[in-house]
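The chain that follows stands alone, in the form predicted on its own, written as structure tokens.
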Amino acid sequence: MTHNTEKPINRRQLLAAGAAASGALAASRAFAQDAQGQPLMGDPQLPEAAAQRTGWAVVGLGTFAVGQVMPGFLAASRARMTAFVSGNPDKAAMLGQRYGVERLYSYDNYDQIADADDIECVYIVLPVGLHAEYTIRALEAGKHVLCEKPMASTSTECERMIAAARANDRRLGVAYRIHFEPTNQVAAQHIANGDLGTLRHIRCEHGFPANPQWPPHAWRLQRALAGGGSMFDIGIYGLNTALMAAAGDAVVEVSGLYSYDRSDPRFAEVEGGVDWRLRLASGAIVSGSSSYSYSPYISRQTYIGDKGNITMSPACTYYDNEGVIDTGNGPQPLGAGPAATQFASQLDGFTDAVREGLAHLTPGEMGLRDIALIEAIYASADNGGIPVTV
């Protein structure tokens, strides 16, 4: 049996202990500070109040829209989602409840967005084969449009989209998010500053293994929806980003060769890979490869000048872009911000263009240029790689 050997505390000792504790608390309060509010200092660049932000409709609620576009709106400072357009009412309702979006449209009543004053801009996030139709209808409804890349299936469709924007006095942009991505912006600035000297060669390599069983890949293998093959979908990143870096240097000649297994059933309707080449007015060369058969995913850009070079790998992804510059003292990190900010920056950038009545940083004319170049690359490949003057 265990016995308690401690003596019980009597009433006098208890009162003494309480008095001591009260004294200690009073002493500590003598040194305490009262919580006080402070004025807002500096310029913290606060986002606009929700009611002041420009309202957007998101057209198409697929994987990219849900995974990247919508989080971009949450991080934006001047843009907000006010409507969804989808062929799946249950998904639209679920996402509307999640994001507080009450205006829900189907593709059948899409044109009714013209009556919604809280929709100023429309983001087209549909398969490529639908871009022209839904962009033009939004422009004719009086809305400004940011269209996902590639702009359309053909240069003729691109021209119709641009004409509709002009006829309705609306802004039209193509969602080339890389122009808003921090690491790519830093790389382009180094090139513009002459840190690489005279730019002589740009190399672009982009591809992934297309999986026809996965819905986000399956439509890319259908010509009616995809417009074209790997060059439309993934190779266009290399082409557009290279021309962003070589700003002002016009393309004068293109060539291409198909580089995929023609017996692969995945590529019954679209090309599965192409090696391409651009000759610029300065004499610099841009060369690249695009493929639906590369594994694992590859996204790499190399810029070579007569005084230095930049290598980026990965170069054009959503979250993980990295790069180094070497001007003779060994590779140094480019040192840029997180890649994911590109989505919010793109939305705010287009919003600013709309508010100020200016062309977007990546306007429809840029989208037309790139589709025309891809068409020329395909024309060359169809003729065994014979160069095409543009």
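Don't overthink the numbering: it's just position in the shown sequence, from 1. Predicted model, so just to flag it, every value in this text is computed and none were measured.
We do not show the form predicted in complex with a small molecule, though everything after this point is about it.
Query raised in the report: Which one, 260, 294, 318, 99, lies within 4.5 Å of the small molecule in the predicted bound form by heavy atoms?
Result: Looking at the other structure, the residue within range turns out to be 318.
Report task. Could you spot which one of 116, 93, 225, 285 gets a heavy atom to within 4.5 Å of the small molecule in the predicted bound form? Result -> By the 4.5 Å heavy-atom cutoff, the listed residue in contact is 225.
Query raised in the report: At the 4.5 Å heavy atom threshold, is residue 153 in contact with the small molecule in the predicted bound form?
Result: Residue 153 lies outside the contact set for the small molecule.
Requested in this report: Although the small molecule is absent from this view, report whether residue 248 comes within 4.5 Å of it in the predicted bound form, heavy atoms only.
Outcome: Residue-level check for residue 248: no, no contact with the small molecule.
Query raised in the report: Given that the partner is absent here, does residue 325 sit within 4.5 Å of the small molecule in the predicted bound form, heavy atoms only?
Result: Residue 325: no contact with the small molecule in the predicted bound form.
Query raised in the report: Using 4.5 Å between non-hydrogen atoms, is residue 130 touching the small molecule in the predicted bound form?
Result: Within the cut-off, so yes.
Query raised in the report: So which stretch, 154-162, 136-144, 118-126, 267-275, is the one near the small molecule in the predicted bound form (non-hydrogen atoms, 4.5 Å)?
Result: Checking each option against the 4.5 Å cut-off leaves 118-126.
Query - Candidate spot 71, 180 and 352, all three touching the small molecule in the predicted bound form (heavy atom, 4.5 Å) - result: The answer is no; none of 71, 180 and 352 reaches the small molecule.
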